[in-house]
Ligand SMILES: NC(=O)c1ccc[n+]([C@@H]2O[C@H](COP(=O)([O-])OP(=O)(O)OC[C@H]3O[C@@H](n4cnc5c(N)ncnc54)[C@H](OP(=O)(O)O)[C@@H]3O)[C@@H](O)[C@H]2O)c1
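One chain follows as structure tokens, the form predicted alone.
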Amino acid sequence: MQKRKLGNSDLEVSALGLGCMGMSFSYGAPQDDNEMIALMHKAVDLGINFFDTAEVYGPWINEELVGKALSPIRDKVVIATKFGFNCVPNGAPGTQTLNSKPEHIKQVAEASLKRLNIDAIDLFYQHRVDPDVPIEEVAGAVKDLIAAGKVRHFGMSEAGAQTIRRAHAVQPVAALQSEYSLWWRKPELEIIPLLEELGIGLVAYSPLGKGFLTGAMSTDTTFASTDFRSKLPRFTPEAMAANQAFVDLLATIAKQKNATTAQIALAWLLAQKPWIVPIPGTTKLHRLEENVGAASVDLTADDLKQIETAAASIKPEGDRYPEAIEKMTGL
């Protein structure tokens, strides 16, 4: 698989990464460790070298899983994790409180290094901006960790434009992780132009709309109470019915390209900027192989124009998160 550089940094990663959250958290019961370890090893075999986790996923158990899988092949992989919460045991998404105090960041780094069983974190993101801690102090704490050799690159997640700019002035930000897909394009307004100006990469999470853009869901799809999507406004039957237009658009292009809807959704993201890296998550081997195939799908200028024209007439239905979680973002 081709590699991409995240902005002006020297951090080079596979064009597609693997989001590991769903292996342990948010999408029902944790998966079998051995099966997930095998899946991560298969991802490496397929050319993926970029893996995404966070202390809050579980909490803690996803980092431990990633550490078991990847520390034995450390020289082949780039591992990203995140700080920024007071983790609550068995805490569901949205139940943890923010904490980006410098002393807490350093404690999290030490704990994450142990769980991941590595000597340095390749990319350490602030998971969500903490309004109670000046971003300059946050960037300074990560700068100290970089100087100590415990972290290699600083990242941010779902941060607003001015916050990114202020942080970047203290410690260069290698990458911003934010949701970005054909049905969530708000980053195009301010964030992507800023990232281009400052030379910061974009790591796109939920590039398949939490599974919706694969075409595998319908208005009859139901979610277990342990599945985070059961609480998201965008996954009500009414919203999914309205948003089916996005899937239909992708399916039309997929048919022309002899590809799948998921592959077109990912190829569209890859075609936006050479420094955008989607990190679709999966627990299934066939989905992993399908996603990897997206890196070989070539969308022409005419294809992109066709998608753009059609998408312009579709309005996404439903908020992406409940208000309590959405207000943690800077967008």
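All values derive from a computational prediction rather than experimental measurement. Just count from 1 along the sequence shown to find any residue number.
Unshown form predicted together with this ligand; subsequent notes refer to it.
*Asks:* Counting only non-hydrogen atoms, which stretch in 237 to 245, 136 to 144, 199 to 207, 97 to 105 is within 4.5 Å of this ligand in the predicted bound form?
*Replies:* Heavy atoms within 4.5 Å of this ligand in the predicted bound form occur in 199 to 207.
*Asks:* Looking in the predicted bound form, any heavy atom of T214 within 4.5 Å of this ligand?
*Replies:* Taking the distances in the predicted bound form, the answer for T214 is yes, it comes within 4.5 Å of this ligand.
*Asks:* Using heavy atoms and a 4.5 Å limit, would one call S157 a contact residue for this ligand in the predicted bound form?
*Replies:* Judged by the heavy-atom cut-off of 4.5 Å, S157 is in contact with this ligand in the predicted bound form.
*Asks:* Does this ligand come within 4.5 Å of any heavy atom of H153 in the predicted bound form?
*Replies:* Result no; H153 lies far from this ligand in the predicted bound form.
*Asks:* I'd like to check something about K284: if you look in the predicted bound form, is any of its heavy atoms closer than or equal to 4.5 Å to a heavy atom of this ligand?
*Replies:* Heavy-atom contact with this ligand at 4.5 Å: present for K284.
*Asks:* When you measure heavy atoms, are K82, Q177 and N291 every one within 4.5 angstroms of this ligand in the predicted bound form?
*Replies:* Yes, the whole candidate spot contacts this ligand.
*Asks:* Out of K257, R165, R229, R115, which one falls within 4.5 Å of this ligand in the predicted bound form, going by heavy atoms?
*Replies:* Exactly one residue meets the criterion: R229.
*Asks:* By the heavy atom within 4.5 Å rule, which residue out of A69, A262, V277, A43 makes contact with this ligand in the predicted bound form?
*Replies:* When this ligand is considered in the predicted bound form, the option within 4.5 Å is A262.
*Asks:* Under the 4.5 Å heavy atom criterion, name the residues of 27 to 62 that approach this ligand in the predicted bound form, in sequence order.
*Replies:* Residues within 4.5 Å: Y27, D52, Y57.
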